[in-house]
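Quick setup: one chain, the form predicted on its own, written in structure tokens, and binding and motion questions come after.
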């Protein structure tokens, strides 16, 4: 993933006529924090926080708990965050954090200890005007609340603006849970308006029906009735129906910890994740992990549009193949920016001692996403480049003002 991110920056930088030194300055990481967390039961975990750039404002980026977290992944995601914030016009920098741990292997007391020790270790390097972490893969408002409390104990900070993605009762913003899925839906809908496809019937499949993917589809069912969900996957299997799936039913099933491999409903087939990726649909929404599309499976992709709701879900080789084929890819640094936008709105609320109604949050999110999608399409048209190149070009322009 790191090579793919760097390649995107280099290509966009060259399109703008930047020197090699200027491009390297955009790639350069400010600081890296690597440490080990030892729990009281002698379990030990590698932990990371990479701060890529604060040219536009305080570092911002999530924390993921996953056994495959490593330094290169965190570097890549931190870099992407800088460009994501810049691409959508936020006064924020980019960072990312992670712990090489599987929360499923920890009881609640161990998870809380791990979370608090992570915040304790990073306390000198983070804060409301320095670096504001947020939840990511396998982290949630409860984990963030523990970190906020630990930071408060160490610093006396009572704004709770030290982290975003908190529970609503602890200073979190309404609309945050749905923000990434909602933002992706809004950006894609705006892109369709620009390409004259807004009134067309579309079929779509979601790879990764977790928090982000489920909100995308549930909200699309309400606001985009011409989009038909025909397939969705979890980590083990996928469900498919040519006549359409009910997003709300799937969401309820998954929230009750149901597995798609066990899903039973007349007219619905259980298929493999690879079969889902190869479906003949108009739109493939990638909402799982990085490198979902790669050189081993890209030749099977038939979708006309790809929406990157996950971070880095399309490898460089897959991107090149699909772009030459004419597939339109809405890039992650715009498509999934809804989360960081509402995180920014949460920071504003915390610092002002306010708590906005959800309608106001959603309206602000829509304003940012529509503006970013418009700018994306404008650059694509003017420079005759892909949407991904346009996103990085727009980001670089903001980072080098």
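Residue numbers count along the first chain shown, from 1. All values reported here derive from a predicted model rather than from experimental measurement.
Not on display, but discussed next: the form predicted together with a small molecule.
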When the small molecule is placed as it is in the model of the complex, are 33, 52 and 70 each within 4.5 Å of it, taking any non-hydrogen atom of the residue? no
In the model of the complex, the residue from 311, 79, 233, 217 that sits within 4.5 Å of the small molecule by heavy atoms: 311
Pick from 316, 282, 136, 177: which has a non-hydrogen atom within 4.5 Å of the small molecule in the model of the complex? 136
Although the small molecule is absent from this view, report whether residue 166 comes within 4.5 Å of it in the model of the complex, heavy atoms only. no
Contact flag, residue 26 vs the small molecule in the model of the complex, heavy atom cut 4.5 Å: no
Residue 340, heavy atom within 4.5 angstroms of the small molecule in the model of the complex: yes
With the partner left out of view, is residue 182 within 4.5 angstroms of the small molecule in the model of the complex by any non-hydrogen atom? no
Heavy atoms within 4.5 Å of the small molecule in the model of the complex: which stretch among 221-229, 183-191, 127-135, 238-246? 127-135
